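Below you'll find only one chain, the form predicted on its own, shown as structure tokens.
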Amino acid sequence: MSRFELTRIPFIKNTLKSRYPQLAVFIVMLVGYIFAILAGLIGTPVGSHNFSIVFVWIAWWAILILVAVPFFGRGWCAVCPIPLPGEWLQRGAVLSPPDKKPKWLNLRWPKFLRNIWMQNISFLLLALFSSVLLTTPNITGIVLAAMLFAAIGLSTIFERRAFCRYLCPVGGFIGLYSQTAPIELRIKDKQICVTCEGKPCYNGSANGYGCPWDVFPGGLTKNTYCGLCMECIRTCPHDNIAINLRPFSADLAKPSTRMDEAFKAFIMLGSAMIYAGVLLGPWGAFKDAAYNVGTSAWFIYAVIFLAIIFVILPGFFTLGILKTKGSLPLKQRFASLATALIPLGLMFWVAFSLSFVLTNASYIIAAFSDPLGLGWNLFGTANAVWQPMLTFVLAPAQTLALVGGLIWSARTAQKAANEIRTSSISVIAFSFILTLVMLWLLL
């Protein structure tokens, strides 16, 4: 399948170039986000009846993992409300182009932190406390508020969207898995970008802002660091930027050589397996340890969690690579071959989320009528009885996702191995074993 330029369609192109449709979605999202914070702080402490828990960790999570990331990549980042207040404050405007003189410090992000290690750490912090976060509304409210204020604070100190690019725990894994999505933003003609004066797509112009993600579209080769904010489409004077429909996982044809991205793949892969064991497994002691934050049992759980992600999984992966021949250094082979774990990890999360979401989706119906758990019945559904949904399709759908992920991962491993002239057998065997483990955890 060749690429098809979606922005050739006048309606799509005009919608993306206009600020008003995106602004309307932004405002709705921001109102919902602020309501989720308030619901977490002042609503019922019963998580299954509180808007912050039900709509963030069930409804939003289902849309994100099952639809947005697999099919639209960074699409969520295009409408995410978290950076908005800070960005408006940074620019001194909501829609009109900013003044040339910065209104705040406008510092460059430190060079040694221009990677996704901070995002890896922030995701792990949330993951270690996830059992409490997923069930305690006030903790969810505090975390949501902290992310909003962090984005505002960083916008007054650093230029562009420093929070989104370097710190957001959600943005890190969306960027990783966006490489598999069939949507991309790319330039049409490289030579036009070479000769373009002023580079308004990066620096901004009277038509719009410079790239908030600190990316020059002319050098964009993968989705990982493009937030689909659409500013470059509005500022390009040559109409040289397009949104394309492409084959799935097109970015993975050329494997990454970055260790921060490689470990993000292990973090997401390991977290999905651990979550399946904690939230869906029958082991009461394991579940109690994860929920009793601050106890000795929880510290043991945290050590095991981190050991699986940083020692056990990468360790066995490395042992497999050591047995294969290759002219490149081990570090480069490790990072390149870890690319094969990206589709596997995505399908692990899809399989886990299907179980988690379908088991708890009926809570959405009740919380819709009584979002704060205060006895309201706005739409007559507040007393809806909890029951798992679509249980007859769950096991087949999870099996299909995991087997599909394994096949997808094996093909990606072969391509990555061919690129660096080594064998893919050990990576495929590693993926096969992990798939069997995930099947056992879920089914």
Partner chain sequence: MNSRFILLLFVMAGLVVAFAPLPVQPITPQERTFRIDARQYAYSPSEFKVNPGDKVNIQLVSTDVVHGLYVDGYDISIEADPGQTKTLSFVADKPGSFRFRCNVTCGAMHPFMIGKLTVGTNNWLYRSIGLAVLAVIGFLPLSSFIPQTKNMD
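Just so it is clear, the structure is predicted and the values come from calculations on it, not from any experiment. Positions refer to the first chain, counted from 1.
Omitted here: the form predicted in complex with the partner chain. The next part is about that form.
Trainee: Name the stretch: of 277-285, 312-320, 141-149, 207-215, exactly one has residues whose heavy atoms fall within 4.5 Å of the partner chain in the predicted complex.
Mentor: Among the candidates, contact is made by 277-285.
Trainee: Can you work out which of 29, 59, 403, 384 has a heavy atom no more than 4.5 Å from the partner chain in the predicted complex?
Mentor: Answer to the contact question: 403.
Trainee: State yes or no: in the predicted complex, is some non-hydrogen atom of residue 439 no more than 4.5 angstroms from a non-hydrogen atom of the partner chain?
Mentor: Looking in the predicted complex, residue contacts with the partner chain include residue 439, since a heavy atom lies within 4.5 Å.
Trainee: Residue-level question: is residue 134 within 4.5 Å of the partner chain in the predicted complex, judged on heavy atoms?
Mentor: Flag for residue 134 set to yes.
Trainee: Flag residue 380 as yes or no: does it have a non-hydrogen atom within 4.5 angstroms of any non-hydrogen atom of the partner chain in the predicted complex?
Mentor: No.
Trainee: Evaluate residue 41 for contact with the partner chain in the predicted complex, applying a 4.5 angstroms cut-off between non-hydrogen atoms, and reply yes or no.
Mentor: The answer is no: residue 41 has no heavy atom within 4.5 Å of the partner chain.
Trainee: Using a 4.5 Å cut-off on heavy atoms, which residues of 37-60 contact the partner chain in the predicted complex?
Mentor: Residues within 4.5 Å: 46, 48, 49.
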